[in-house]
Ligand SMILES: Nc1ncnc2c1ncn2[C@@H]1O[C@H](COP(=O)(O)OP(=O)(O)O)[C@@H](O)[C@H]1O
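Only one chain is included here, represented as structure tokens and corresponding to the form predicted on its own.
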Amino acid sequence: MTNVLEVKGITKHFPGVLANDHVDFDLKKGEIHALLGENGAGKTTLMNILYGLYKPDSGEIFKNGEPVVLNSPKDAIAIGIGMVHQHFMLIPVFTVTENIMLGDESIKNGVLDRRGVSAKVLELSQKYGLEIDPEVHVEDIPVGVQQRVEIVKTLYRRAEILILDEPTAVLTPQEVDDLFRIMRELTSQGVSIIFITHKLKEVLAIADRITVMRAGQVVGTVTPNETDEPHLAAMMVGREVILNVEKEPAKPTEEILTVNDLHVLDQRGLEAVRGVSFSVRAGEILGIAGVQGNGQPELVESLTGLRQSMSGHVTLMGNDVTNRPPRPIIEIGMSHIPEDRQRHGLVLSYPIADNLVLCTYYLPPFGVKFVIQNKAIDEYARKLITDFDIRTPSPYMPTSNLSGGNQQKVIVARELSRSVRLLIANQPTRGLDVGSIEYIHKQIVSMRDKGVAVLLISAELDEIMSLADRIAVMYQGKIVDVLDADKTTKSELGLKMAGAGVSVTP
């Protein structure tokens, strides 16, 4: 196969960081080339250079053997490069058609040709098996379908090369399978794909070639049939990584969180949580397994004070916290890693140091007599940045400048470093690399062993099964079963998550 894209000697500096260090990379026609690496390894920086968002300090880019200069995304699009970012670039109140034509508007008889673009979108979606409704509003479709919209948007602009930046970070296992089907369909029709990820199983399942980056450099390129997960993990991190969670049997004691007959509405006013009851004890991890859209976000938001419940009761350490705001729940002893890190977990314009004390800035040693103690915050932030390997040149960099994985590390560092009795961890390792996942898993187990009650919600079934002591299955807003983790199988859980053998009244 011939190279449709090639980079030679790409170098890119940011203040205090060498993000790309003389990187060589190539992409062949009709292949899926995975770019694997830890958070901060330089993967996204390299792709942003290929998409014209950054200019390299040195190095060359070739398209079909000819040198090109990319000063903006417009230049990249013009030569057939499209990019689907980790955080989608869609306007929720616009329709699918309006989002796709935005910036490349089609005019007919002096007005926007919505009908013509809609027909083209439908044709593209059918050609590549993407199945989207051009007239639906983006805010009304699931995350997996929003991703299809982003892919169709690149194809509408005649992309021959598709860059997918962490495309599975917000997808359920079923949506990942669907994305892989779409990727194979695209490559069978001549599209070339760069697949940026940190998930080892996925690259082995879908990639034709795998290039691993570490600390801004390429450390090697392999094919799936000549490597395995431990080898790839070692290439990424530079040491052996323990991929399996090691933990002793739980020794649960008193109930910390009790939920009784909880009913919660979603943003459309429909009942998303329907009479849920369960408890979490000190010294155990209760995992909640379920396909996305079965009430998990609404349940967590209700427990953490982010959403009002219609009825039911929530008790934390004997205190009724039903419909209380977040601060008093936090002060009683709750810690929360939210599903949506940018919306509920961070103030993106704030420095990293300030985000690390968002829950405690008004308490000693960070706040004394209504005065912020900057020295104490600085020392604390530097310690957490080191402990949790947050890749940043300074504690005072705006959090918005961090990669998605490093933003997640900021939240995890803040929430796991406080003295708490209940940890609610919603997708705690989303967007993290294997080395960071290994560390976070150890920290969660350590908190359990110290007597903290842990409620774990994860779309990663492997994560639920390896971390949880008990597993509650949610389906259509209800807890349909609670199982001992060591007495169930992935197959049994998958069937219950899909509703097999479950009777749920309307």
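The numbering used is simple: start at 1 and walk along the sequence shown. The model shown is predicted, which means the values in this text are computed figures rather than measured ones.
There is another form of this protein, the form predicted in complex with the named molecule, and it is not shown here; the text below is about that form.
- Figure note: of the listed segments 44-52, 62-70, 22-30, 445-453, the one touching the named molecule in the predicted bound form, with heavy atoms no more than 4.5 Å away, is 44-52.
- Looking at Glu38, you'd find a heavy atom of it within 4.5 angstroms of the named molecule in the predicted bound form.
- Within 4.5 Å of any heavy atom of the named molecule in the predicted bound form lies no heavy atom of Leu483.
- The pair Tyr380 and Gly37 is at least 3 angstroms farther apart at the CA level in the predicted bound form than in the present model.
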